[in-house]
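The chain that follows stands alone, in the form predicted alone, written as structure tokens.
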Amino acid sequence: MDCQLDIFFLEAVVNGLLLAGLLALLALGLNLIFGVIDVVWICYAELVMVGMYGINYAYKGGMPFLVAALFGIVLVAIAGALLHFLVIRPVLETPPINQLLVTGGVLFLLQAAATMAFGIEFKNLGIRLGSLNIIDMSFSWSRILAFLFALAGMLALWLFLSRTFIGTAIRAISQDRQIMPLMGVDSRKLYLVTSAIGGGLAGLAAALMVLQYDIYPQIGLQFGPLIFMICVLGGLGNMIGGFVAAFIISQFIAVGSSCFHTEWGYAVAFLFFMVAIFIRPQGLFGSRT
């Protein structure tokens, strides 16, 4: 154990802050979908995997990285809309367990399809951005850029939801799903748009993650549990709660990994989650029903 309040501890805290931006972006898309449609996409992290593979092959096919990243965002946005239209819409009126099962089936389908199509070997873009060195601390530029773009993506979503007609309608239907159709609002179109936006956020996360992580079919298993833990801890459907929860969990991971081992950092984060949910089952920012 080495957990002294020195420069390395400060480096771990800042790295945790940078990680939080990416985790918050991942949780934001899932919380948006749940808050509006009231369905949890178990396969959300696998959509990120699809985007990472799309960006990888677009970049290696000759596209500049920014164009490949835009391609990945559009690809996953379309995948999100198709997921809702083909899988979610037919089970919207069924019990929640049915919705969980079908999205869980999509999870295994995407993992199996990726394994058969791309193999099990790890892939990466081969882009190295270097590090920012301050005093004796080192911060990866890829993680810094991911944090900044994640914040920009969250700000763009907030502006869309608060300043546009469609965004206002999405916020309204998330508050009362029964009365909005009586006011002439086509809830089916709003659900489709929301799914596309949620997919686009997953695509943005994929574009940021390909600069930091290798791509392989089971990468969703690395981030999927973290995403759901953050969403539940913040209060399902509560986007601000998910944002705060991402910062809490990332600090447990980063500081715990610095003080002990990486596995212990995740173990401490999950332990905190279990204790917090035992005390507040509705989440830190959820409301009691």
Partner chain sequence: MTGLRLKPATIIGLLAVAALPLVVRYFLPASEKYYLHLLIQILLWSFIYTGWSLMGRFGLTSLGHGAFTGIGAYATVMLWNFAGITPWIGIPVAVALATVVGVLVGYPCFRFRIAGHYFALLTLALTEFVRLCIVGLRDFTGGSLGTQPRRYGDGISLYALQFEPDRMLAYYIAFGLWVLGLYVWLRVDGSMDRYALDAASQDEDAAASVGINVTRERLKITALSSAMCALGGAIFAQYQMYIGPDTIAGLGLSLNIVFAAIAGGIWVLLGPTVGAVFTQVLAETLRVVIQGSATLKGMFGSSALALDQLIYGLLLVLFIIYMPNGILGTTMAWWRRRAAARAATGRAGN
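Numbering follows the first chain given and starts at 1. Every value quoted in this text rests on a predicted model; they were computed, and no experiment measured them.
Although it is not shown, the form predicted in complex with its partner chain is what the next lines describe.
Contact check for F65: every heavy atom lies farther than 4.5 Å from its partner chain in the predicted bound form.
Remark: Q111 counts among the residues lining its partner chain in the predicted bound form, judged by a heavy atom distance of 4.5 Å or less. The closest non-hydrogen atom of F9 lies beyond 4.5 Å of its partner chain in the predicted bound form. Although the partner is absent here, V14 is not a contact residue: none of its heavy atoms lies within 4.5 angstroms of its partner chain in the predicted bound form. With the partner left out here, its partner chain still marks one of 88-96, 128-136, 205-213, 146-154 in the predicted bound form; by a 4.5 Å heavy atom cut-off that stretch is 88-96.
When you look in the predicted bound form, the only residue of I42, L70, V244, V255 with a non-hydrogen atom within 4.5 Å of its partner chain is I42.
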